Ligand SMILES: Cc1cc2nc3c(=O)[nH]c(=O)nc-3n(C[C@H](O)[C@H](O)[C@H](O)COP(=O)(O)OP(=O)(O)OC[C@H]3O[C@@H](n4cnc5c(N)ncnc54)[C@H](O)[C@@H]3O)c2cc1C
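The form predicted alone is given below as one chain in structure tokens.
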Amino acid sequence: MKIYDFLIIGAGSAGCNIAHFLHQEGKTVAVVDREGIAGGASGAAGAFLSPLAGKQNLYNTCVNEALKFSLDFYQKLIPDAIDKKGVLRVINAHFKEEKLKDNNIKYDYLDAKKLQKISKNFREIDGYFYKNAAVLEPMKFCKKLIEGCDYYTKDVKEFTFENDFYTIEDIKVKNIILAQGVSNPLVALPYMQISPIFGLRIDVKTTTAVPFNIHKSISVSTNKQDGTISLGATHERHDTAKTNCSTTCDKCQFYINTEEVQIKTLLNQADALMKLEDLEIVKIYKGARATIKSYFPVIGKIIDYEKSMKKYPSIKNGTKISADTLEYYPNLYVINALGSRGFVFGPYLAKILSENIIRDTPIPKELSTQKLFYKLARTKLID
């Protein structure tokens, strides 16, 4: 039986990044995933790394701090697997002109005339160009991140805890980190309601030179080093009451009958931004991104909701109970809900979580499991 300091369940951006940072701390780490490395949403991600414009608030500050950290991290990790050429954001319902203009991120306004000088293939669009943006290759980075860790393809459905160790088949481990994305968690997390959002990515070949990433309702990447460009979009939110994510999107009955329509829509939306000549579809990817209502990702030690509420029933009345006195599952952590910014948030969150585990460095309140716990505890009591 193999013994590890940490077992990471989930080999997407979240899982691979936390595995990397813990391994860098000298810990023995194993990673498991039922579908393989980057086999779900992370492998299907367009992996666009872009700033979030708008007047400064807690969320876009978090995104932009994560972007700065992660861009630097990726460029040092695999310099030749990231294309940092900036992004043109085109006005749409979510990114209106005032939001793109009124922010503290430097930009250049490019009207249709300026864009036509850059490339005759641009349609009659204009937008705001942000220099600090990139696109990367998800699979290359995920594989690189877990170098030095042991990897297993396993569908983990249960584990046992005895004498300070967790046991999963032939693996014995001191700590477990759940990085499962939309999959059902292995312990009860009623305060973290995941909403799976369907994402589609198409890699295509084209003779058109795309000078930088373009984003409106969909994203078009610059020409990547493998000779393709990526077209990506987040289309459809699941009704979590009806959905049980037990497989990947390419095998899910929910999408099989809508694939043709989704692809056609994405290609049409890309054509409205730029004419892509001699277009050839190379590969289609599908994946469900994990989000929660607040859009913030979540990291930290996993609280046992039922035991904590039994111990402190007055929480529901607003009584302030210190987070360190709550009941927690022993040595169980989570990193999840990275949404459509999985590769922006991945390294940034993994660094914070690893520092918390190893050195007890506090986790920012807006990212913590405690924030979600208190929010639910004050509105609902488990029967």
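All residue numbers refer to positions in the sequence shown, first residue = 1. Model, not experiment: these values are computed from the prediction.
Missing here is the form predicted in complex with the named molecule; even so, the following discussion is about that form.
Checklist entry - Which pick from 146, 267, 186, 90 sits with a heavy atom within 4.5 Å of the named molecule in the model of the complex? => result Contact with the named molecule in the model of the complex is made by 186 alone.
Checklist entry - Taking 39, 42 and 338 as the candidate spot, are all three within 4.5 angstroms of the named molecule in the model of the complex by heavy atoms? => result Yes, the whole candidate spot contacts the named molecule.
Checklist entry - Pick from 115-123, 153-161, 292-300, 203-211: which stretch has non-hydrogen atoms within 4.5 Å of the named molecule in the model of the complex? => result Partner-contacting stretch among the options: 153-161.
Checklist entry - With the cut-off set at 4.5 Å between non-hydrogen atoms, does residue 234 touch the named molecule in the model of the complex? => result Yes, contact at 4.5 Å.
Checklist entry - Quick one: does residue 62 come within 4.5 Å of the named molecule in the model of the complex, counting heavy atoms only? => result It does not: once the named molecule is placed as it appears in the model of the complex, residue 62 has no heavy atom within 4.5 Å of it.
Item to check | Exercise: residue 179 in contact with the named molecule in the model of the complex, heavy atom 4.5 Å | outcome: Although the named molecule is absent here, residue 179 would touch it in the model of the complex, with heavy atoms inside 4.5 Å.
Checklist entry - Heavy atom to heavy atom, is residue 288 within 4.5 Å of the named molecule in the model of the complex? => result Residue 288: yes, in contact with the named molecule in the model of the complex.
Next on the checklist: Could you pull out the residues of 210-232 that have any heavy atom within 4.5 Å of the named molecule in the model of the complex?
Outcome noted: Counting only heavy atoms within 4.5 Å of the named molecule in the model of the complex, no residue of 210-232 makes contact.
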